[in-house]
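Just one chain follows, in the form predicted on its own, and it is written as structure tokens.
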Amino acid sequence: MKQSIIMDVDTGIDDSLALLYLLASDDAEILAITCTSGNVPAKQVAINNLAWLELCGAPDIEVSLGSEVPVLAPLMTTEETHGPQGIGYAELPAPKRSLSKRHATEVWIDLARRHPGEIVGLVTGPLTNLSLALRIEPELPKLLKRLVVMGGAFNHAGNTLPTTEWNIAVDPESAKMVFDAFSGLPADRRPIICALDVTEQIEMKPEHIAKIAEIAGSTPVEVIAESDVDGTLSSASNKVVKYLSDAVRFYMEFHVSHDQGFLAHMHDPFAAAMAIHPELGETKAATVDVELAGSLTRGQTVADWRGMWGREPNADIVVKVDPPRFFEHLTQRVGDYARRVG
């Protein structure tokens, strides 16, 4: 059985690998990709998704433009992290595929109504599109099978401000609206939250890209070295490996420039894996809310682990992960897919 998925993304280097992972997964079916501003503006996000789909010869998946700005806050983007187009040094061929005429909110609502209880919603960018859809269809939490969110930081430092994670920081109001709306669901329907606490343990290193290339049968041996001149491009024979390597190299250079090591935190691929293989992470129930008013903590996600607020849990937060197990899973799938695509 294939798990039906709506991807809501701000593509993004790690969103790109999340997309490749799901395309590679025989147990997943992407029904639609909805685009929001975050890592880069929403229109560029849409181009990136269309380009990846075309490069891979993927099925004709609907790609829909959503909100280009947060519901209240001024838009922030982070090209310094993901590159001017959002995909690092990769320069994908311009896509010939067309953007859907439907707005992202219409896509969310229509698909959820037509497939009640069947779809997992996967959000790896700001929660703007989902919050707007909830205003039109408040029953979305009951119509979806489950929601998986990459976002937040709990017992962990933020990556945008001292206590805030990027996706939540871009649109805190939308995040709060979503967490509030998904309260009161049965335990097996609670949103799964993949926060920095675990996603910053998902450290992709050059050997992981080399492994994907090896499985794909790409030549020559794929080497990303810290000693290389910044911006060195891949000469891989396999097109998926080449563009993925070019994207990830940029991300690794960014991380090393911020004293985090020559690696890339792959937040979004882990969330994508949790959407179809929740056994890859251990979760703990909590009540999650978002700080909107704090002068130093706006956008902070707060988890009530002990029931001090007297409110029922509204999320299952991933608290434990086995990174080597995850990367073995990821590299095998994406490598096999890259070999098939060519």
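For clarity, every value in this text was computed on a predicted model and none was experimentally measured. All residue numbers are counted from 1 along the displayed sequence.
Below: the form predicted together with beta-D-ribofuranose, not depicted.
- Taking 120, 196, 224, 107 one by one, only a single residue has any non-hydrogen atom within 4.5 Å of beta-D-ribofuranose in the predicted bound form, and it is 196.
- Of the residues given (213, 150, 244, 178), 150 alone sits with a heavy atom within 4.5 Å of beta-D-ribofuranose in the predicted bound form.
- At a distance threshold of 4.5 angstroms between non-hydrogen atoms, residue 39 is in contact with beta-D-ribofuranose in the predicted bound form.
- Within this chain, residue 171 is remote from the site of beta-D-ribofuranose in the predicted bound form, having no heavy atom within 4.5 Å.
- In the predicted bound form, beta-D-ribofuranose sits within 4.5 Å of a heavy atom of residue 166.
- Residue contact with beta-D-ribofuranose in the predicted bound form: residue 129 places no heavy atom within 4.5 Å of it.
- This chain is displayed without beta-D-ribofuranose, yet in the predicted bound form the stretch 261-269 from 110-118, 261-269, 178-186, 233-241 comes within 4.5 Å of it by heavy atoms.
- Residues 10, 14, 15 of 1-28 are found to place at least one heavy atom within 4.5 Å of beta-D-ribofuranose in the predicted bound form.
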